[in-house]
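The chain below stands alone, shown as structure tokens; this is the form predicted alone.
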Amino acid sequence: MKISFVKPGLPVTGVVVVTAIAGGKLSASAAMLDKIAGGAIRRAILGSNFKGNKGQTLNLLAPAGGRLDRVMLVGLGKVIDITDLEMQKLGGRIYAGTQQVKKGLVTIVLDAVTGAKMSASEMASEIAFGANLRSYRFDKYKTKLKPDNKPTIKTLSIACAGFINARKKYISLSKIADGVFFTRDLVSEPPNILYPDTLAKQAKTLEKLGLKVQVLGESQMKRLGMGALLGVGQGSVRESRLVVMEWNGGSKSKGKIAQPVAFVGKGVTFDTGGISIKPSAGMEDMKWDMGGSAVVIGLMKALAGRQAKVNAVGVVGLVENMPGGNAQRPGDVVTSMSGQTIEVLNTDAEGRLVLADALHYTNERFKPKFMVNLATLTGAIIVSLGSHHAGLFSNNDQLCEKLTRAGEDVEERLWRLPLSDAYDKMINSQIADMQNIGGRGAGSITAAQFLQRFVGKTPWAHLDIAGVTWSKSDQPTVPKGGTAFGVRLLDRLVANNYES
């Protein structure tokens, strides 16, 4: 779908979308179209429940005598409802309601709203962003897709005053969407196609955007002492990988690159649970246990794509957790890169082992301002928060506040859970420095306590995204499937706080 911004005015063909505010008051363009149609729009409103509230739509037949196919009237709600998030949702709803238009052309005609904090051009760019986000599909393996299941929309045009400004702003937003789509693609791929080596190669493609990408193999990780990460993947015929992505778009000090911000992702490309094998029901979902790594890769694409003025590092540990003759056993003791020893009581608590070495490596090599790691880490977080919030754990209140605010800004919400010495004691081991599980209670918290042992004094936050990585239903800007939760959140964290 091509998205364009054009001069104000009603189109002569295709589907036209016009607006009304709460109370059913038509915009100037909608009123003009109503006049052309002999009052048909107002009559349709009187015969319906349409009040112009946010989220409301009303579809009408096109006026007779013209070449328009259909008219869609959408509600903007009250003036206070006109925000960037609501405009994105509106764009998603418009796309969902017009994606199978006959002639492939949809034009949204936007007028400024008196008293609104957003101009027509600002509204236009956010509507376009939302429509783009909703347009995502993953159909690459469908060989017999029926025509009536395929979108036919080819061009979405938005007509408004200041259309050139709208176009400029949308360019940056479209780069964020590119990162979101890349993450959704990676999460959607089947595990026979996407495994540590092929996922690393996907990350390598970002070099064309100016990123520096380094891929470490098993021999290199062995030399570094990454026994925790390597232990997870030793039962698989697929070799493990560690991928390091660097974007140096920020300032330099005396010719040296300034201290970066860092993002670390869990990339278990398929998780059987290993010897502590999972039940068969639902195991197919474990293809997206690499969701944290996909978010980090998509974020790095977004930052590079929009030329973010920041120095950022993305590190992802990529493994496949399989049972086998060489698989890690419950009861094994491994030595992490930090030198700390770990008693592996449950091989299905593997993501924290991957992150232990990835976090320590990132901290030691880059000395970042902060580290944020993302992982589909625990089923316990789904029990706690469902699919509406990701779990947030941190050793730094300021970083926590910034993350929470960024999440609210893009509607990828976080809920902070506690960390304390009492929980930390639950992972003490009798024969090693720690064990990889803490028992049935507080499973998400003890997993976070485990990770905290590998970050030192660096400001750090852990996002447990197990409940928000995959959606079973459509949302206005998120079609069901991979959500890419975290890409927009972390991009906003950077934009709000760390760009020079």
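Quick note: we count residues from 1 along the sequence shown, nothing fancier. These numbers were taken from a predicted model, which means no experiment stands behind them.
Not pictured, yet referred to below: the form predicted together with a small molecule.
- Of the heavy atoms in Arg365, none are within 4.5 Å of the small molecule in the predicted complex.
- At least one heavy atom of Thr378 is located within 4.5 Å of the small molecule in the predicted complex.
- Although the partner is absent from this view, Trp288 contacts the small molecule in the predicted complex, with a non-hydrogen atom inside 4.5 angstroms.
- Interface residue remark: Ala258 is not counted as part of the site for the small molecule in the predicted complex, having no heavy atom within 4.5 Å.
- Proximity to the small molecule in the predicted complex, defined as a heavy atom within 4.5 Å, holds among Glu350, Asp357, Glu126, Glu320 only for Glu350.
- Checked against the small molecule in the predicted complex, the residues Gln202, Gln340, Asn346, Ser119 give one hit for a heavy atom within 4.5 Å, which is Asn346.
- Stretch-level contact analysis of 304-312, 370-378, 212-220, 406-414 against the small molecule in the predicted complex, using heavy atoms and a 4.5 Å limit, identifies 370-378.
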